[in-house]
Ligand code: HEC
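What follows is a single chain, given as structure tokens, in the form predicted on its own.
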Amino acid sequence: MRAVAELRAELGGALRAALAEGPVAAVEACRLEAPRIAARLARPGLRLGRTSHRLRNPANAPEPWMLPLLDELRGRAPEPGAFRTVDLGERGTGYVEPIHLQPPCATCHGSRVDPELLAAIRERYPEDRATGFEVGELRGLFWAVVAPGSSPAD
């Protein structure tokens, strides 16, 4: 789905640029830029975002239809190009792509986060559960909901 691919690419670029300034800048970019990018890419009939089974930001909590997909994809090896769709009835179609932890992401989400960075994360997200991941592990999902009558290819 093009909108999810754009979200993934734009967020990745913003995070790489911010990480060049330092990991705290990357935390801020993720916190501020991800929702801005998702809002800009959304349109009538299309909502999109990110979620996880171990959240950093409670505002990204999964919708009920996403929970079985998170369970299904946990523990699986990354599959390039993998995605799932779900019929949501009158609400339309749900679409997800797994997010597997990449090496740069381990700086903020890995099992060995610098203590000063961890303190900065906890200051912004007191209930953070998004550390302790290993490279390649399922970090979460990019998701979209396409309303009935909207084009899922967009």
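The structure presented is a predicted model; accordingly, all values stated were derived computationally and were not measured. In this text, residue numbers run from 1 along the sequence as written.
Unshown form predicted together with the named molecule; subsequent notes refer to it.
- Between 83-91, 64-72, 99-107, 37-45, the stretch whose residues reach within 4.5 angstroms of the named molecule in the predicted bound form through a non-hydrogen atom is 99-107.
- In the predicted bound form, the named molecule lies within 4.5 Å of some heavy atom of L19.
- Taking the partner from elsewhere, V145 is found to have every heavy atom lying beyond 4.5 Å of the named molecule in the predicted bound form.
- The named molecule is not shown here, but in the predicted bound form it comes within 4.5 Å of a heavy atom of L55.
- With contact defined as any non-hydrogen atom lying within 4.5 angstroms of the named molecule in the predicted bound form, the contacting residues in 17-35 are L19, P23, A26, V27, C30, R31, A34, P35, given in sequence order.
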